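First, one chain by itself in structure tokens, the form predicted alone.
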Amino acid sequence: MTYSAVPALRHNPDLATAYEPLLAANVYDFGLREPSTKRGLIAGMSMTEKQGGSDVRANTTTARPTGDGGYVLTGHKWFTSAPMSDLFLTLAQAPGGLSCFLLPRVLPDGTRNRIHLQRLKDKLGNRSNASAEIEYDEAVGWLVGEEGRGVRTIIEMVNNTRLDCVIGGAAGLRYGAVRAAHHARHRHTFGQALDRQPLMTNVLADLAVESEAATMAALRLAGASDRAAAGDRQEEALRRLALAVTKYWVCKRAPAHAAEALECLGGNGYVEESGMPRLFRESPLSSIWEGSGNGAALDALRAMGKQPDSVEAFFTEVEQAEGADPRLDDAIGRVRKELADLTDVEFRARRVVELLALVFQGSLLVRHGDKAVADAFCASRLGGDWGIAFGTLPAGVDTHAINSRVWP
């Protein structure tokens, strides 16, 4: 959230000038002090209210102008991420509508801002990254962007943290695949190493395929984000749609992948010291954070409707792999068919977005990935020769080549 706050802050050049260098610092200066006196800062975000949830336009927190360029905010926030931060981006109802504000924990005169911590959330996981319920009691803040355009302003922060969700999801998949492969390599059962048992080789290979597909997509989107920030409009259009669909799919796959990886360790995987329970508890978070599955799927539809160039950029990207694998070619055709008829498209949103994500991953693997991984991905994810659980890759895929990429 610290680096993701920067694009939003740039909607207020004065605030960006004051705080961007400190948010980009490579050190953090601990302690409760006025932000401009510190060597480095961290930022949090406070959007969600209990009556609205993801529908932030239902927020009731108010922001009253003070006449000197500032505002005073009053209201309750159900979720404030990283409450230990120096600065917070938040949404409140100003006279001109829902708007974005920057609130410091410590005001310029050195006094504490009136941001009252009600409680820390007792969460399933992600405990080392605190979340809090807070109250604004005429807390002082400054407008970021224009009044009434709060969602459009803060969404720039959200889009960057969605990339974090994809990267974090891919990292979790990699961690699970590596831990499962390591255990299977060193565990012997029925006279040979577990990773030489045919069924286990299928499971491990399937976990590895999912991990490589997610990693490939995450790195492509990270590159697109960098190039978009540098002014590449084609990459920005691709990022707009591909990030939404990939955030949906990678984060949705993470809990099932973590559960299967944990199971590879048997009872050892259910014990805290293995590290797998923590992975399992963390795995649902990215799917919920910055828009749940439904939110991400509907955001993809919104992108396609409001920014048609994002659809063009998506097909320009995936069609670079046309002709390389007939199963991918067929899947691209299915995507076009799904998008040709928009009847009940919201009802079908998850189906459409899932196919978009798989085609995006498949095109990257076919062009840039390992041949055995790309073949297994296209056969199972795109060719339909795939069961429901992990470990259902079809006969003929090179599981040995795939598994050797995880644990040589």
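Computed from a predicted structure; not experimentally measured. From 1 onward, residues are counted along the sequence shown.
Here the subject shifts to the form predicted in complex with a small molecule, a form of this protein not shown in this document.
*Asks:* Under a 4.5 angstroms heavy atom criterion, identify the one residue in 80, 85, 211, 99 near the small molecule in the model of the complex.
*Replies:* By the 4.5 Å heavy-atom cutoff, the listed residue in contact is 80.
*Asks:* In the model of the complex, which of the listed residues (161, 292, 274, 74) lies with a heavy atom within 4.5 Å of the small molecule?
*Replies:* Checked against the cut-off, the match is 292.
*Asks:* With a 4.5 Å heavy atom cut-off, would you call residue 48 a contact of the small molecule in the model of the complex?
*Replies:* Yes, residue 48 sits close enough to the small molecule in the model of the complex that at least one of its heavy atoms falls within 4.5 Å.
*Asks:* Would you please decide whether residue 222 lies within 4.5 angstroms of the small molecule in the model of the complex, comparing each non-hydrogen atom pair?
*Replies:* Outside the cut-off, so no.
*Asks:* At 4.5 Å between heavy atoms, is residue 196 in contact with the small molecule in the model of the complex?
*Replies:* Close contact is absent here: in the model of the complex, residue 196 is far from the small molecule, nothing within 4.5 Å, heavy atoms only.
*Asks:* Would residue 285 show up as a contact with the small molecule in the model of the complex if we use heavy atoms at 4.5 Å?
*Replies:* Heavy-atom contact with the small molecule at 4.5 Å: present for residue 285.
*Asks:* 122-130, 173-181, 108-116, 140-148: which one contacts the small molecule in the model of the complex at 4.5 Å, heavy atom to heavy atom?
*Replies:* Among the listed stretches, the partner-contacting one is 122-130.
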